[in-house]
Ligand code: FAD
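First comes one chain, alone, set out as structure tokens in the form predicted alone.
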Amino acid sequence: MQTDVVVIGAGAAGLMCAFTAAARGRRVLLIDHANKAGKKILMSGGGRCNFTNLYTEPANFLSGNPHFCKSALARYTQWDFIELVSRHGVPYHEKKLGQLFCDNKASDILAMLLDECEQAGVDLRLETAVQTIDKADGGYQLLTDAGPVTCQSLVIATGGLSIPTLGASGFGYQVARQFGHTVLPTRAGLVPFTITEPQLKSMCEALSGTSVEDCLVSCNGQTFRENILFTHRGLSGPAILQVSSYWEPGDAIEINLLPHLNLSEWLDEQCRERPNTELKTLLGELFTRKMAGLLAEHWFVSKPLKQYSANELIEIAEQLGCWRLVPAGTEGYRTAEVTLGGVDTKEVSSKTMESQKSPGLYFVGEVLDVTGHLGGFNFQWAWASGYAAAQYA
């Protein structure tokens, strides 16, 4: 079989690249080893797909080369994708912080992308694995489950290692290495922390399912203000997931559980106004009663406020406002939303996504060393990088 473009990987970036290239007259074969296209799209955003963010900008992305994402994000913006969504009549809403979600379900976004592929004439083949890829005259030769395929342009849109149960694999990294690319070390990003320190672990287990709204979580000079969630294995929630991408094993994280209060002043005030109130009763007005009791038990001796010295009140304020802990690790790729690291962007054109090592080879989406923050930014990178490659593939 002969075609102009082969796109490997029918996820967000691959689908976008395939129909955009086909719409400009290219014959496109889109293949994926999975039995369904867009599996990660379907499970994203709690099944409602957080498909972009109103406030997308390069600062929302991590990369060894922070300038790399600028060109693609400027060429295909969040507004371009919102226009596509609106044209297909997919209802959506802003949840918070610019995050856009489907009103109904994530399958609306997948159906839209598949419809675009069909209209543009993309040849989509699922349950089709690639055995080998070789250079050929004027392009590439692939041996696939559907037989041999030759193409001028080959686009690798195979994603990272996160959530292997959805079919994630290191295939894209193998292809990159085969054609002389550097693959930067990978690790799980946007992922919950695990805690093994016995006292803290027992507190997390007891509070499993408890959410604390509006916390400030910091690590390595990065700070995020969002909810945290206790789990039976440690800590999760948006602020934790965000900071996990900046965390390295052995690093401490700091959590301000009450950033909206000046805790020292507030405790002094409470002490003056309600001297007979017990600390755990006071904390019960800020957290769940169970959490207040556990904090008082694990961190403080709960007694009436008037019985604390000035120094003890300062210590309580510091503990609540600067809770410092060292996670044992993360939940790993099993639950990670993204993969950090990947194909080194210094060897890829930021304008075209084309390999600088092997002409006609392109990399898009998560396989590259570009990772967004939580909140729809990774999807916007998929749309933007897929669109950029499609202009040249």
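In this text the structure is predicted, and so the values were computed from the model without any measurement. Note that residue numbering follows the sequence shown and begins at 1.
Below: the form predicted together with this ligand, not depicted.
Checked against this ligand in the predicted bound form, the candidates Leu54, Ala328, Met43, Leu325 yield a single residue with a heavy atom inside 4.5 Å, and that residue is Met43.
Only one of the listed residues (Tyr76, Phe287, Phe300, Phe171) places a non-hydrogen atom within 4.5 angstroms of this ligand in the predicted bound form, and that residue is Phe171. For Gly167, a non-hydrogen atom is located within 4.5 Å of this ligand in the predicted bound form, even though that partner is not displayed.
Residue contact with this ligand in the predicted bound form: Asn50 places a heavy atom within 4.5 Å of it.
Taking the partner from elsewhere, Ala18 is found to have every heavy atom lying beyond 4.5 Å of this ligand in the predicted bound form. Put simply, Ala388 is far from this ligand in the predicted bound form: not one heavy atom of it is within 4.5 Å. Screening 304-312, 206-214, 155-163, 240-248 for residues having heavy atoms within 4.5 Å of this ligand in the predicted bound form returns a single hit, 155-163. Of all the residues from 336-354, those having a non-hydrogen atom no more than 4.5 Å from this ligand in the predicted bound form are Ala336, Glu337, Val338.
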